[in-house]
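There is one chain below, alone, in structure tokens, taken in the form predicted on its own.
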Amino acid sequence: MDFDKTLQELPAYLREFFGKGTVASYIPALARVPAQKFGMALCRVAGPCHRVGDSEERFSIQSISKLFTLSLAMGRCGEELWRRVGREPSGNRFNSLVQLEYERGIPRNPFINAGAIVICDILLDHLPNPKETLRDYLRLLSGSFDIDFDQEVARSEAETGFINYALANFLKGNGNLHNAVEAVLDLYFHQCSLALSCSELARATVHLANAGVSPLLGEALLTGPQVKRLNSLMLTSGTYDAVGEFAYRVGLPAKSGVGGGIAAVLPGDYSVVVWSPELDPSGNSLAGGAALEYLTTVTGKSIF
């Protein structure tokens, strides 16, 4: 399979998609990111990595970070985690207060904002320094030991994250947060501000395509059942309220973020990360989704 050729064809193919989406302007630090950026990196389970465009430029991974906080929580909390967070697609906006009220304070899944906030609370229960643990986990997975939080983005999120404050307070009021709202949201805003490149993020997720074993480290970071669950949640809940459309068009488990990144895996074969800041109405990268659809269509390889 000539992945290099396929990736090099993408910039010309994607030209028509640029200018048709919008950057995440509700977070001021993200509003300043040039809309025309595009990068993509694909790492094979057994083989090289392939890259195109701005694949080495770091960007705010935003909700893609929820993969890693969930991984840490699953390893420490086990099945008890699912007493506080569901496993069903939401069908609503990722920050819906109405749905959280309807569910009586139990978020529908760990990838919507309310669910990720509960995961942060669980990490605060189990880790003495969860921010440092999360950052170091990403450094280990990616092999890049200067990865860090983008403090400007974290501040920007804290200053404008009014709906997240409302979600956290509603969770607290329903007994589903153990720690102080301010501490939980500080962790949440920092996890979203983590900055990685496509190449780094592809290396950090390739174990999800390899039954939990990191080719970089040569060891298992998650068990087979844990990877199965993470990948199933990505497929059913990883791209907000557009999971059905994304599965139909792309056919890969994936997690997106409003920074314009999408991380996806083809189990047994590769992890792939695409970054393009312009978003569609659901909050997923417009050109990024098109790039992944092109990849799976041209190669004929998806989970279906």
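Start at 1 and count along the sequence shown; that's the residue number. None of these values were measured; they are calculated from a predicted model.
The next section is about a form of this same protein that is not shown, the form predicted together with glutamic acid.
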| query | finding |
| --- | --- |
| Partner contact for residue 240 in the predicted complex: glutamic acid, 4.5 angstroms, heavy atom | yes |
| Partner proximity in the predicted complex: residue 176 to glutamic acid, non-hydrogen atom cutoff 4.5 Å | no |
| Interface membership of residue 192, glutamic acid in the predicted complex, 4.5 Å heavy atom rule | yes |
| Distance check, residue 231 to glutamic acid in the predicted complex, heavy atom within 4.5 Å | no |
| Location of glutamic acid contact in the predicted complex, chosen stretch of 264 to 272, 55 to 63, 246 to 254, 38 to 46 [non-hydrogen atom, 4.5 Å] | 55 to 63 |
| Candidate site 94, 113 and 157: all three near glutamic acid in the predicted complex by heavy atom within 4.5 Å | yes |
| Contact residue in the predicted complex, from 258, 67, 235, 33 (heavy atom within 4.5 Å of glutamic acid) | 258 |
| Selected contact from 210, 109, 226, 164, since only one has a non-hydrogen atom within 4.5 angstroms of glutamic acid in the predicted complex | 164 |
